[in-house]
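Only one chain is given next, in structure tokens, and it is the form predicted alone.
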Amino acid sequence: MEVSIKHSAKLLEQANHIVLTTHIHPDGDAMGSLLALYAYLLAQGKCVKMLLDDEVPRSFKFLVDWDKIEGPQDMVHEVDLLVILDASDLERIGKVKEVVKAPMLNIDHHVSNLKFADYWYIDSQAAATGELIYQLLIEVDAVITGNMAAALFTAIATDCGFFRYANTSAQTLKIASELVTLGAKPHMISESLDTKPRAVIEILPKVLETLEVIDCGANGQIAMLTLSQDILANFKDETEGFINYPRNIEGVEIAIMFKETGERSIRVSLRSKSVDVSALALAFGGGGHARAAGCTITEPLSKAKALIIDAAKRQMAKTAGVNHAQRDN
């Protein structure tokens, strides 16, 4: 059932025992939205728990209450409401879907959302789910603390590349400005996010040596990085930022990073400048944004690369065809 922000707020008001969750491999939007909503519900006297079927990334541990996030155990939670944030399909929340028995409210902004929940509020025009959580808090006249503002600013800023990506709107900038007024400190947030462990910098040269560029003629170029198990041996830190290197190469339309997490498990990250990579990811059971998406392929690395490259070429050709048709009209 599709609901409004007002109806979503009503569902939260009526529930006393609530579980909050978000997608595996959580990004800034997932973490910031989760922690901001948790702080609000806790202040309302709700019995609220945060479950995540993954580790909290090191780069987001500057956000208050990250250590209150628990992993899903075998115990079944029978609660009033399961709130799923920033996830476009049920599989994205992993084991949480198995251990929580409750009606589901999904608040999300992905264009690829499958509308899987009992109640859903989806706004694909929003730059981040953090924008929707902010609107919800305004709807209920919530007191937004400095810590909540920092979490929401992190959510929004990371999902629009600190206001550099095409999904940055006037509304995005307006909300960000209001969050700064409420106590978010952009310089502290960006410094926390940009600080990397020495191991990340040391492995970067090995990663860049795997760079491949495929020229697709007038449609642009595809640039790829490959993180094999050999490269990742004894390296457990975050690697997501590596994809920005091929993305920033002049002439590159689609950037791809292949991360070998097992012999037949390849995590694929996709970025683009004008091609809808969410459609590409969706074809392989993934999803995301038009300019940033991902999926996991259960094939050997060489087969996964061939499948994705072929699909990326088709998607680029499709986009070029649409653009040509629009110009002709």
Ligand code: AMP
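Quick caveat, the model's predicted, so the values are computed rather than measured. Throughout, we count residues from 1 along the sequence that is shown.
From this point on, the text means the form predicted together with this ligand, which you will not see here.
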The single option of L51, V275, A304, C295 touching this ligand in the predicted bound form, heavy atom within 4.5 Å: C295
E253: touches this ligand in the predicted bound form, heavy atom cutoff 4.5 angstroms: no
Touches this ligand in the predicted bound form: G28 (any heavy atom, 4.5 Å): no
Contact flag, R247 vs this ligand in the predicted bound form, heavy atom cut 4.5 Å: no
S88 within 4.5 Å of this ligand in the predicted bound form, heavy atoms: yes
Region of this chain that lies against this ligand in the predicted bound form, out of 66-74, 265-273, 37-45, 53-61 [heavy atom, 4.5 Å]: 265-273
Residues of 179-199 having any heavy atom within 4.5 Å of this ligand in the predicted bound form, listed in sequence order: none
